[in-house]
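As structure tokens, one chain now follows by itself in the form predicted alone.
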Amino acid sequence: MNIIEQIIAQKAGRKKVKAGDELSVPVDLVLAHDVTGPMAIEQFNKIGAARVYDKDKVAFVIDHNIPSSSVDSRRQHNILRDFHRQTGVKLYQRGEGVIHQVAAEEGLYKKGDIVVGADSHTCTAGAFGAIAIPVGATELAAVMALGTIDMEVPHAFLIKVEGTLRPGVYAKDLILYIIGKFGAHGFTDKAVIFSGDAIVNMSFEEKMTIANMAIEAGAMIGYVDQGEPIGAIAGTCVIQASDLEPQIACPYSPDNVKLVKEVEGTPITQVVIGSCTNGRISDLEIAAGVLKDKSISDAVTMIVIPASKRIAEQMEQKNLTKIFRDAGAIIANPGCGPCFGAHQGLLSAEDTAVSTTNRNFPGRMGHKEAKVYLASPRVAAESAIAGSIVDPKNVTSWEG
């Protein structure tokens, strides 16, 4: 068995499982936020569940619309608060940050756990050695009541990244390259294991960026090598890290990936640095290093959104907040912000943005005709200064 099958077998109490097996597996953590949570609660009540299976294993995070962007979003918050009072489940409601970052900081992700979340980027937990499965609100309601999930053991594929990334190339560039190589449906309903020297030697923050966007290649599970034997897998792809250059996903799909230098010079009007993909302190340090003692182009609105309250505090301690503000950026409260397309920086039809978020589908961050390019914090920051997309290799000779 490979590592994915081993974890599933252990949780299911079986000696052995194989790809294609259908079984019921106990769940260690259930997650939802202020968009999917209320729908799951509605379904939970409809099925007549008396209580959640374990209040300490269910957590809701208010992150998509905080502060509320509408009366309806405020009602969604209240539904979660009422359910929290009735059941005692965990609730993070005071701007703690994005669901996946908060779960990581709170120690909710554990190696070998089965995590089920009503959010497509639940796969972020794979950075910590968890098997993380995204589901819809109806299925989440059943999991909250029963504490198990019915699943089919997926085929597992290995992406092995050897060597070292060049200075100026980051985890975001690597995962964009992978998504571009395999396409948005390359691993549909499959598990992807990320391994190799380049992956193993990454920080947890970088590993979270890799795991977070596994879903953009269609993967049901994104799992980062934790040091155990990986075992037999369905296929392997080897990538030489040193071959990679800065990557950018062009409108209107995360798999429409090109080298940054191919679109260099494209005028932009907005830059967003943040989200559960690249809103961590290391990402903000990269951007601040570029912006220190510089000014953002008059043509650009730049929004910086730390992924959590703790990261916002680190920004203050490291003087990053002042650097961003002095450069002309707007600092928003921790949360999802414009990534979800609800508020805090939506785009018009005429806008073109560079964002460190994970999706650029039509209408994702505002008007369906707005153009969104996905890139690393380095590319985003350099582009904010120039007022157009910039290949960092041409700016600072690949220095980190």
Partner chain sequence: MEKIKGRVFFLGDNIDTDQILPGYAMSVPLNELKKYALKGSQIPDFAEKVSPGDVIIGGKNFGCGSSREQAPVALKDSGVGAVVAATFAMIFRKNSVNIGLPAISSGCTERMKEEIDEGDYVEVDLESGTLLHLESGRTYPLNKFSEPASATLKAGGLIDRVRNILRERGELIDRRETQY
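In this text the structure is predicted, and so the values were computed from the model without any measurement. Residue numbers count along the first chain shown, from 1.
One more form of this protein should be noted, the form predicted in complex with its partner chain, which is absent from this view; the next part is about it.
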With heavy atoms only and a cut-off of 4.5 Å, decide whether Met39 touches its partner chain in the predicted bound form. yes
Tell me, yes or no, whether Ala332 is in contact with its partner chain in the predicted bound form, where a contact means a heavy atom of each within 4.5 Å. no
Within 4.5 Å, heavy atoms only: does Gln76 come near its partner chain in the predicted bound form? yes
I'd like to know whether Ala349 contacts its partner chain in the predicted bound form, with contact meaning heavy atoms within 4.5 angstroms. no
297-305, 228-236, 278-286, 136-144: which one contacts its partner chain in the predicted bound form at 4.5 Å, heavy atom to heavy atom? 136-144
For the spot marked by Val35, Asp72 and Ala184, is every residue within 4.5 Å of its partner chain in the predicted bound form through some heavy atom? yes
Between Asp173, Glu206, Asp119, Glu96, only one gets a heavy atom within 4.5 angstroms of its partner chain in the predicted bound form; which residue is that? Asp119
Quick one: from Glu316, Glu262, Asp150, Asp243, grab the residue that has a heavy atom within 4.5 Å of its partner chain in the predicted bound form. Asp150
Within 39-66, the residues that have a heavy atom no more than 4.5 Å from its partner chain in the predicted bound form: Met39, Ile41, Glu42, Gln43, Phe44, Asn45, Lys46, Ile47, Gly48, Ala49, Ala50, Arg51, Asn65
